[in-house]
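Next up is one chain by itself, shown in structure tokens, the form predicted alone.
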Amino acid sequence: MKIRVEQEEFAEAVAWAARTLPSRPTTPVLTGVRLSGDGDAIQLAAFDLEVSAKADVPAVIDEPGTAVVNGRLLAEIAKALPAQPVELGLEGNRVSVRCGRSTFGLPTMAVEDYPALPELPPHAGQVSASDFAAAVAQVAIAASRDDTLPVLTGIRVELTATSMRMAATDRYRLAVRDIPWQPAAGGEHFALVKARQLHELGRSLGHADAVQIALGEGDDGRIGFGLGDRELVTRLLAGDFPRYEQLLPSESHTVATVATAALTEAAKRVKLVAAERTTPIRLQFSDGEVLLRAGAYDDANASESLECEMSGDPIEIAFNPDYLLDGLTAVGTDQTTLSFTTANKPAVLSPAGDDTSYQYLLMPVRLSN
């Protein structure tokens, strides 16, 4: 194997593949990235038996060949190399990496022990990469991190003739985002994907224009994502996602619109006196004003008031401050609308105006007098 490739492209491709490497591999070979040089490109691939990632990079192939080396170490080396052509060679049981005056030798693993990577499922359609990345970021915050309930660690992806909907919940909040998409064929499709994997994918889209969606049929429980010369295929989560639609309120008794940045900063200041991270902060809406309070009278306490546009009945409601701040950050607009029914029922945060493409439903904390 003798291959020459540009450093920047090589480093990006190794990083793409290495993101899927398992932290606790079931076998040592799964810590490796497979390098395969043939024709006019080198392919870098990683597979942890659930998620596979491939990236093809244009290269000069003097001698084709395949090798498997430690993926995380290769990613660190590739990133640190100077911006010059990288030469890769297979010398016995080591892969040499030369760039400028730098030379590295990496021991190889048995290529025959490396598992076969899954094929990309049938093409289902495509979506704007920027819309996709923004939607994943807005929704992933509401997914559970408790692996004892795998279904809640996922994002439900719903595909229709005109839109892609993503939804996630950890039982304390629910995030739903709708974005337009271009299906390859009619029909509705549903998939439950690990939120962590989608979040990593969203962060690595870079300058891509579109994301190609591929979805398995029948017993092929996989979904694939394609970005030009890169692809990722992951196994779907099993189980039934909660029927979240019935949680979204059909009416509101109180609606308030507040400057997002001002409310965010006020909530950060008021929560400073909270004895614990989960200690709630109270929001009292009345007469065009919202009053934030936290702490007890016999302990440290804080309050701050902000102007707001309000319609409906006055209301006092309490929230976990971190969950509230997550929602305000995810809304992503200058003004946030908060809609309420009663102090004991979920509130909905959404962009101000007529934009209903994003909803962040937040369960209140029961008030104690």
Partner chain sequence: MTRAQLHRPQVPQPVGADDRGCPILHVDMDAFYASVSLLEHPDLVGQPVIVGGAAGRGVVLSATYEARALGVHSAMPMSRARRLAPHAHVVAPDFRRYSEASAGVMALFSSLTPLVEPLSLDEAFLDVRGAQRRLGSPRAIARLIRDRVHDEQGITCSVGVAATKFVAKLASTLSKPDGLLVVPPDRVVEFLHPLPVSALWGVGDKTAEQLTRLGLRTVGDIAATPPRTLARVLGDATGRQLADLAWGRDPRRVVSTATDRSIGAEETFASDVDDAAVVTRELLRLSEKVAARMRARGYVGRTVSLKVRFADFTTLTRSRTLADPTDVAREVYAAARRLYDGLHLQRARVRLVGVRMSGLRDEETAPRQLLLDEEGPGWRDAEQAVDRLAARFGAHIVRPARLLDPPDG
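Positions refer to the first chain, counted from 1. These numbers were taken from a predicted model, which means no experiment stands behind them.
Although it is not shown, the form predicted in complex with the partner chain is what the next lines describe.
In the model of the complex, at least one heavy atom of Thr148 sits within 4.5 Å of a heavy atom of the partner chain. Mapping the unseen interface onto this chain, Lys268 falls outside it, with no heavy atom inside 4.5 Å of the partner chain in the model of the complex. Although the partner is absent here, Leu361 sits close enough that one of its heavy atoms falls within 4.5 Å of the partner chain in the model of the complex. At a distance threshold of 4.5 angstroms between non-hydrogen atoms, Thr278 is in contact with the partner chain in the model of the complex.
Taking Leu159, Leu174, Ala133, Ala78 one by one, only a single residue has any non-hydrogen atom within 4.5 Å of the partner chain in the model of the complex, and it is Leu174.
Of the residues Val111, Leu291, Leu247, Val255, just one reaches the partner chain in the model of the complex with a heavy atom at 4.5 Å or closer; this is Leu247.
Taken together, the three residues Thr169, Tyr323 and Arg366 all lie with some non-hydrogen atom within 4.5 angstroms of the partner chain in the model of the complex. With the partner omitted here, the stretch from 29 to 37, 315 to 323, 302 to 310, 66 to 74 that lies within 4.5 Å of the partner chain by heavy atoms in the model of the complex is 315 to 323.
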